[in-house]
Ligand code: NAD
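Shown here is one chain on its own, the form predicted alone, set out as structure tokens.
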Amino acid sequence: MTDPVKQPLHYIDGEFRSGIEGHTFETLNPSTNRVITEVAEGREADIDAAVAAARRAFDEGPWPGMPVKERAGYLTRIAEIMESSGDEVAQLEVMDTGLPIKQAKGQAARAAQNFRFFARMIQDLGGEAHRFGAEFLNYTIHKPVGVAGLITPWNTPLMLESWKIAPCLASGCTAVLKPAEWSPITASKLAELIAEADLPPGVFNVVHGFGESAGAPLVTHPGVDLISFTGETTTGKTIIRNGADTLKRNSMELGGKSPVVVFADADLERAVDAAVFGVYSLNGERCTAGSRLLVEDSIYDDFVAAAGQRATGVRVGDPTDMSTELGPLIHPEHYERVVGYVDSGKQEGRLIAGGERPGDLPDGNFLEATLFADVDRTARVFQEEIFGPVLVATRFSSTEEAIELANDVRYGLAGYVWSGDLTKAHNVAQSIDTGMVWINSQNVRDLRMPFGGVKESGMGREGGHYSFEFYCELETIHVALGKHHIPRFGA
């Protein structure tokens, strides 16, 4: 894009505005590390204003009590507006994150789909009803919780923002979104699109800024009832601690170090396809990346060689080029972190592919698709989340050892099992300590199914009706059908 990018401002109570204290920060283009634009930087006063607007919209406005079908209509309208702006939004996402344009277009389409999906889902949401003998009819209803603080990551910001905003608004909650400071542009654009849908003022608000000065005040604010966070595990623990005094409910989707378990009886060509795609798509910056490749002894050497050949062929380059498969990492700070892991991997394993900056890309945060073989389970690159285009391979000799290796990390978000024996594949999948497992597939989402992890990959589930278990209170109504016995104390 050649046109200048509009400065991202806060969106509070239906208005775009600068920060109360006038602070700004820069956002960089990962392909060049040059400044794209200045962004309004929010502080505690801006969070206070946004929460106050969301609180008024929930306590006094029409949104939480609006008929479900009417709220759903607003979400459908947002989806339509997003679809009409899909190309522009994808280009902004590429500029701000370095995602390859082909993948960014898919994420933009998915963002619109999230609004459509939850618009339908909220209309299908039902409760329970039970007759208790002849004396009572008992039933449940869903009620919106209140004001939600939504804190989103920088890797696929638009899609992940919509993943939280859509069920939050569908449920009748109001929201304050704090986007990641490394990728603020599409959050501001999303606010523009939502503004076009004419939601009541204060229902949706955005405050840009840093975790310490904007995120922390949002988490501790007494006017916020729940926090949905996607990001790094250490930050998630801090959020839970800081929100404890006000008993906020939390949904935490945190880090991952997901295994790809490949047995000798698998369709090896498809398994290579999925393993390579799963770790190098989205620039390797995905929580569900299959970053640990566990391969059965008898096929290990051939499989790793094939994966290495494919990694070498991954097209690294300009993310605006439709043929690019791997773009730059998001930020110089993150680039240095990932390169540090690559340096560790060169000591802890055998480098099969990549490991360097491409020679024809001297600027920006580019790194080749990297594969290490013969990595021990104690290695840093086996145990720790790298969040970049780095795959590590380890061999196993039995099903029991494969399960043991798969579980030998502190994370448990996703897993992938490849085998022609579906009985074995099911048993292994059920034995992996994780929130989600795909058998003979890469990560293909069904929005009706729960998404979330175990161990240090988080708590809670979102997706389908599981999202509404977070954004809604469940109230039980007990109705007496006749004159049941009531003890008469003091009669």
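Not measured: the values here are computed from a predicted model. Start at 1 and count along the sequence shown; that's the residue number.
Just so you know, the form predicted together with this ligand exists too; it's not on screen, but the next bit is about it.
Listed residues Q103, S251, S419, N155 were compared with this ligand in the predicted bound form; N155 is the one with a heavy atom within 4.5 Å.
G211 is the sole member of G86, G73, G211, G317 with a non-hydrogen atom lying within 4.5 angstroms of this ligand in the predicted bound form. The stretch from 373-381, 180-188, 109-117, 122-130 that comes within 4.5 Å of this ligand in the predicted bound form, counting heavy atoms only, is 180-188. Contact check for D225: every heavy atom lies farther than 4.5 Å from this ligand in the predicted bound form. Though the partner is left out of this view, A216 does reach within 4.5 Å of this ligand in the predicted bound form, counting heavy atoms only.
In the predicted bound form, at least one heavy atom of E232 sits within 4.5 Å of a heavy atom of this ligand.
Using a 4.5 Å cutoff between non-hydrogen atoms, Y335 does not count as a contact of this ligand in the predicted bound form. Taking the partner from elsewhere, every residue among L160, T238 and F451 has a non-hydrogen atom within 4.5 angstroms of this ligand in the predicted bound form. In the predicted bound form, just one residue of 404-422 lies within 4.5 Å of this ligand by at least one heavy atom: L413.
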